[in-house]
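One chain comes next, on its own, written out as structure tokens in the form predicted on its own.
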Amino acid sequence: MENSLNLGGGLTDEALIRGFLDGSADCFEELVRKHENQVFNLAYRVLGNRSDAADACQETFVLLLRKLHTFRGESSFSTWLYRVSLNVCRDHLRKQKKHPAPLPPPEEGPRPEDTLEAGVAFDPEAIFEQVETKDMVQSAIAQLPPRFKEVIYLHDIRGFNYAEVADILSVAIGTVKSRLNRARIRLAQELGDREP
């Protein structure tokens, strides 16, 4: 295989892995491009700040570069990558010997011009309430222990099913269900404590 490929066709993860293992650095770069946002977001949810998340994201892809030949395809690549990412985040937490819980920075809400272009009436109060609610939920998630953040992020935010989450976390499905239930209860308590 050539060292440079035309990747404009949207190759599958499996094809990119094969290409990288056959010597194409472009295939690895495309894997990183496809998955870096998800890896960063997972790290940010678990670690609680952008700097640590960026470090963990970089560590994940360096590790991936060294270990991609060990991927056996027994689960999807994204499941395997999430498992690698979580292990990097857990190592990072152990090294830090802390359980960070900083508030995430507020995200921008929809822009008025986007709302108007979509043909929907612009309602500043409704937009403010949406942004305020989103910030409150993100802040409450940041207060959860890492094992609860992980299941909330993987199941409720990313949409992985119980079996996929169990595979990523290397735990039983029953453990996932139990953690998710306890995480949701803690999250509800956190949100209840924040209501005026």
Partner chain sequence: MMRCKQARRLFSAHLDGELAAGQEEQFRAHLVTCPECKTLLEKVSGTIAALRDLPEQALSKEERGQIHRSWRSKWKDLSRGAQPASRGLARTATALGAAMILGAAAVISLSVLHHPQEVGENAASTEAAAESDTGSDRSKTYTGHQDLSTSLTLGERLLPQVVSSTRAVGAADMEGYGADYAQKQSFYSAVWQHSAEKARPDAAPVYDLEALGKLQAQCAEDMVEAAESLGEDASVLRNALNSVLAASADQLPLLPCWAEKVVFEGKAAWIISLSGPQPDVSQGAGTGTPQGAEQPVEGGEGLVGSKEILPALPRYLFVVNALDFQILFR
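These numbers come from a predicted model, not from an experiment. Residue numbers count along the first chain shown, from 1.
The form predicted in complex with its partner chain is left out here; the points below concern that form.
Q: Please check if K95 has a heavy atom lying within 4.5 Å of any heavy atom of its partner chain in the model of the complex.
A: It does not: once its partner chain is placed as it appears in the model of the complex, K95 has no heavy atom within 4.5 Å of it.
Q) Would A163 sit within 4.5 Å of its partner chain in the model of the complex, counting heavy atoms only? A) Answer no; every heavy atom of A163 is more than 4.5 Å from its partner chain in the model of the complex.
Q: Examine N87 and determine whether its closest non-hydrogen atom to its partner chain in the model of the complex is within 4.5 angstroms.
A: So N87 counts as contacting its partner chain.
Q.
Would you classify A25 as touching its partner chain in the model of the complex, given a 4.5 Å non-hydrogen atom cut-off?
A. Contact with its partner chain, yes.
(Q) Using a 4.5 Å heavy atom cutoff, which residues in 40-70 contact its partner chain in the model of the complex? It's fine if the answer is none. (A) The stretch 40-70, when checked against its partner chain in the model of the complex, contributes F40, N41, Y44, R45, R50, A54, C57, Q58, F61, V62, L63, L65, R66, K67, H69, T70 at the 4.5 Å heavy-atom cut-off.
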